[in-house]
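Read the single chain below, which is given as structure tokens and is the form predicted alone.
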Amino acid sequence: MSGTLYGVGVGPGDPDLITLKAAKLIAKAKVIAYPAPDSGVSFARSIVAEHISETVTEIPMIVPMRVERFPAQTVYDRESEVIAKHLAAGVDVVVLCEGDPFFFGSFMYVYNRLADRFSCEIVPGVSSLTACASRLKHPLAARNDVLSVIPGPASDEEFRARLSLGGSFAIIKVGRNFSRIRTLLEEHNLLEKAGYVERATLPAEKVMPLAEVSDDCAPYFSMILIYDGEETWF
């Protein structure tokens, strides 16, 4: 019998926001894999460190976070085969993923490579989207509103097309696109309706109206939320 591949969401950062199911699976796991940078600690692992056994076998999937293109697919190809060897030997493998595995989660790259060969189970986690909304005390949408999620690296043309449709917006992966995004929101008279969160639920968290942010760039773990309704939230 082959082992089961578990994609486990570990939430936005606060260790208390992992699910009971995630905590139980991590605590009894014999093999754990997780995304990691080429320097420093793995964010996903740090969230659940207290639940990881000292005897566990760890598989860090090292994908450098750099401006220039990096062959990340090669990394996932290689590490998925490392995981596959454990699964083929009948050992379950827990793969940690920040937020939720299937909401812009890194686990989906492992899933796509192994799901046709092994049994898989997805354990959802608290996503950064809902975490940021809760920290801003800002509804994402109401009644029949449409919520659009826009990645920060999207082109100006894509942004303008999406923003012109109206509704609520969540802009993720803000990072070095921050100044450009803010300018686009000003063009659409949305700046005063926008809230900003970085490092949601962590000690270094920042929560404020977007209009009050003076920086020209933002960390990767940041988000802009906009509710384009009659209510003014900021």
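For every residue, the number given is its place in the sequence shown, counted from 1. What you see is a predicted model, and the numbers here were worked out from it, not measured in a lab.
This protein has a second form, the form predicted in complex with a further copy of the same chain, left out of what is shown; the following refers to that one.
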| property | result |
| --- | --- |
| All of M1, T74 and V94 with a heavy atom within 4.5 Å of a further copy of the same chain in the model of the complex | no |
| Distance check, V82 to a further copy of the same chain in the model of the complex, heavy atom within 4.5 Å | no |
| is_contact(A211, a further copy of the same chain) in the model of the complex, heavy atom dist at most 4.5 Å | no |
| Touches a further copy of the same chain in the model of the complex: A131 (any heavy atom, 4.5 Å) | yes |
| Interface membership of R45, a further copy of the same chain in the model of the complex, 4.5 Å heavy atom rule | no |
| Residues of 1 to 33 having any heavy atom within 4.5 Å of a further copy of the same chain in the model of the complex, listed in sequence order | D14, P15, D16, L17, I18, T19, L20, K21, A23, K24 |
